[in-house]
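First, one chain by itself: the form predicted alone, in structure tokens.
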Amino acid sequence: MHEKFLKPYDAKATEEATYKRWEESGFFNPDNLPPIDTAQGKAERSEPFTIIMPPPNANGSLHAGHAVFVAIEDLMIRYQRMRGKKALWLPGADHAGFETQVVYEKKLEKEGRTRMGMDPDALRQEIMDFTLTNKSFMEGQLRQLGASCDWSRERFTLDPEIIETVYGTFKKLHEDGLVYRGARSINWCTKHQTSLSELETESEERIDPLYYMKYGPFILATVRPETKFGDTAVAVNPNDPRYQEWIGKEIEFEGLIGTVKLKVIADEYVDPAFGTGVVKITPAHDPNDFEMAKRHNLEIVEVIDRYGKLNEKCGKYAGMKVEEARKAVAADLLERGLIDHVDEEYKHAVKKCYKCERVLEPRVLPQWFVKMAPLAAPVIEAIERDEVIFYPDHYKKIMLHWLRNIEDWNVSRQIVWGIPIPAWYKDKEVHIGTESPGDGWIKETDTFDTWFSSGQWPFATLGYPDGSDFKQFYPTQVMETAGEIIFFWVARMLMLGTYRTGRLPFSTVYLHGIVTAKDGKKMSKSKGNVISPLELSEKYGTDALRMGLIIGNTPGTTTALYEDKIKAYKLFSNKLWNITRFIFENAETVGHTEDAPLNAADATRLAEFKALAADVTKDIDEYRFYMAGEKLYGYLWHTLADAILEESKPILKEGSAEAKASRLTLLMLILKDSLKLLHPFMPFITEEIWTHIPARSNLLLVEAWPQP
């Protein structure tokens, strides 16, 4: 027996070398995989199985959510590789536009610098250097987690060929009338100085004063008296009997900085039950007011600037920040008798930036929008026909509801870090392309929302439209990712992939839940409960980490990550090592013939194991990874170690030669196939043990899966 088994299993001493052997074998690349065994003999692999890795943001260390997707996706790809598929797991990294720029701005703040006033090209280069450094670091962490992805095909969202594909999609959308540039009400972050899509906002319920202000003959309610300088009408419901005589008329009254003249309009949107049933219309600073302004052809007057300060149209209040101005305006209105009363406990929802949590300021700005309803229609039909299967299945209903109520997508971002929008302007003309069409044309300075490029990830990474990989590996089989980005990413991949290629980018969507702390609370630095999966991997071994992230992790639900849990699976690694030592010791002492016939008792034990193998195979095929892992754990610990090995001791010590041979044959068969079954879950220790299996021909990485 190899002396290594006389010592406890040391993950730290073996994992790096094991991964190096895998990588040097070339078998992560599906083009290099060995032929498969069939009933007719050896055959080349022909059926592809493709997973495109959700590209981690190249701006920092991998977190627990990344470790979950690596554990699950690597499990799937290793399993399908062993099942004889031409298995491709294509890795990548995301430049993560807004997210990365926010991270870098924090770095600048610590250095006493700010991006404001920096040369855009210089800032872009700084962020590029920062990102590429982190990208390299992150790829090392993926290797540490055992990711058996094809590094020769690794992609970055800022690769020239990816950008070219993104530009091609944008141009096609524009030619098909599905892209437009228009001034619409958008969500503006005054800290980060960019617009945000609806998905990048968070809603928070707040209690604020509701001011009942006197507007000539009316009293109306608002939480934002500071926007009154941008009012261009007052509105009532056309069916409200209280105000019929005023509809279509103009009111005139004295305001804080002069005489105010406003038209009274009627609109179905106005809720007669809110306040007094009369509302002021400020189109530049409220999205609902903006829509009413379009319906009634009202003027749009901006009175709050990009920094969240009142502008020169606001008289003495100019230069005040919104919160300061609100108090000052309310105080002056009260002093002049222009406030009827105040409801101090008014509950309402406000939108916040999902990164800095500042309240967003609605602004009307020219932005690029994609018309989403035409893109959603064929995807809705495909999902209804079950051409896309969701795990868990309730996400089908969630996805359909969102797609049926989809809004146009603002894809413009006012940041430097990202893919520049390839557009030029001249008067009212627009030209789409990277090169100027001639003199007098002005280049667009906005960049794409990062989800616009990552929404094209499956076909862009595979070399659409003419690449051999695209022809061979698209559509992909599974998209595995976090449930929380189903709308950000999964929906957009389905729509853009179908639109550009004519085919759905994947047929199965597996959504894992959020990884929480032990108490079920979301991990955050402010709570001090963040657990690093890489630290747990170093302490207890990657296999223990992976088992801890898979067992008990049902799709779509939260899963807790904590040290004691991973420590328990480290003990399981030790148990597997000790099982192997027992079998190897006895095979060496007693002597082992591989093809010895099994007696009735051992044949029954083998049949039980084969039933387990069939069960585990079915669970993996049906995406019940957590159940498959639990069954393997239970069998190896309790059935094999506690029962079979214990009953083997007297047989191997005192039994007949035939009984010993039969039992050793059974044990070796179970051990070898157990290593195969367990390999997708715990690849490092199983591969290490496999190197000591007699008469092995391949790395366990490419061994055939046990036949059910």
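When you see a residue number, it is the position in the sequence shown, counting from 1. Every value quoted in this text rests on a predicted model; they were computed, and no experiment measured them.
Heads up, the form predicted together with the RNA isn't pictured, but that's what we're talking about next.
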item: Proximity to the RNA in the predicted complex (heavy atom, within 4.5 Å), stretch among 599 to 607, 454 to 462, 369 to 377, 626 to 634; value: 626 to 634
item: Gln141 within 4.5 Å of the RNA in the predicted complex, heavy atoms; value: no
item: Partner contact for Lys570 in the predicted complex: the RNA, 4.5 angstroms, heavy atom; value: yes
item: Glu646: touches the RNA in the predicted complex, heavy atom cutoff 4.5 angstroms; value: yes
item: Residue contact check: Phe582 to the RNA in the predicted complex, 4.5 Å heavy atom; value: yes
item: Among the candidates Ala221, Cys353, Ala284, Leu145, the residue which, in the predicted complex, approaches the RNA to within 4.5 Å (heavy atoms); value: Ala221
item: Residue among Thr501, Thr557, Gln193, Asn311 with a heavy atom within 4.5 Å of the RNA in the predicted complex; value: Thr557
item: Sequence-ordered residues of 383 to 422 touching the RNA in the predicted complex, heavy atom within 4.5 Å; value: His394, Lys397, Ile398, His401, Glu407
